[in-house]
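In the form predicted on its own, a lone chain appears below as structure tokens.
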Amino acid sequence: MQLLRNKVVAEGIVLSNKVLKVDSFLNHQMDPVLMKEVGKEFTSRFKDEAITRVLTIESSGIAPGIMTALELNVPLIFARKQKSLTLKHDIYVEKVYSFTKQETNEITVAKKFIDPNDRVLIIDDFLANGEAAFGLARIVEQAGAKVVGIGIVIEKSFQPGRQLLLDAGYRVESLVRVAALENETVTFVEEEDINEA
């Protein structure tokens, strides 16, 4: 997705060879025009999947998730990381390790929001080691529902998440694939590399 790639080049900040900061348009401040286009792109890629719900994780997955759900005309569910007095019973719970924050969180979704007939599209902002995507997929599977795909805004292709998800049988669509973060520069996986994969 060229618009997103341009934004990463213009505003992304390489903090290390494993960390890309995109807080000016995705992780803190959000660019709603870009998020609308992200939603359209995910919808075009997954349009034949008869999706009934979009599932993401708070908080950075909410913007791309809601725009995708809006385009698909289905509800968005976000897994909560924060404990809530109103969300204690009849919940699905999974543990998810955050590469960026270097901590493990319990994520929760109320059981009433996913049923066995659902066809769920998972959306997340980043893919590194696949922990968040796997945690969300386990919640869908606990409900007896089907994960029809995993949409990622920015994939760090030099980390194992994509391959682990593919090996587990999931369809993964990433809008931007980063090959490397070296010398304070973002290098992308080029289209010919993608076609060979």
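Throughout, we count residues from 1 along the sequence that is shown. Note that the structure is a prediction, hence the values are computed from the model and not measured. Definition used throughout: the rigid core is the maximal C-alpha set that superposes within 1.5 Å between two forms.
The form predicted together with guanosine-5',3'-tetraphosphate (G4P) exists for this protein as well; it is not shown, and the discussion that follows is about that form.
Exactly one listed residue, out of 118, 94, 125, 71, brings a non-hydrogen atom to within 4.5 Å of guanosine-5',3'-tetraphosphate (G4P) in the predicted bound form: 125.
When guanosine-5',3'-tetraphosphate (G4P) is considered in the predicted bound form, residue 157 lies well away from it, no heavy atom lying within 4.5 Å.
Under a 4.5 angstroms non-hydrogen atom cutoff, guanosine-5',3'-tetraphosphate (G4P) in the predicted bound form has residue 20 among its neighbouring residues. In the predicted bound form, guanosine-5',3'-tetraphosphate (G4P) lies within 4.5 Å of some heavy atom of residue 99. Residue contact check for residue 43: none of its heavy atoms lie within 4.5 Å of guanosine-5',3'-tetraphosphate (G4P) in the predicted bound form. The stretch that touches guanosine-5',3'-tetraphosphate (G4P) in the predicted bound form, counting heavy atoms within 4.5 Å, is 56 to 64, out of 140 to 148, 167 to 175, 31 to 39, 56 to 64.
Of all the residues from 127 to 165, those having a non-hydrogen atom no more than 4.5 Å from guanosine-5',3'-tetraphosphate (G4P) in the predicted bound form are 127, 128, 129, 130, 131, 132, 156. A displacement of 2 angstroms or greater separates the C-alpha positions of residue 99 between the shown form and the other one, with the rigid core held in common.
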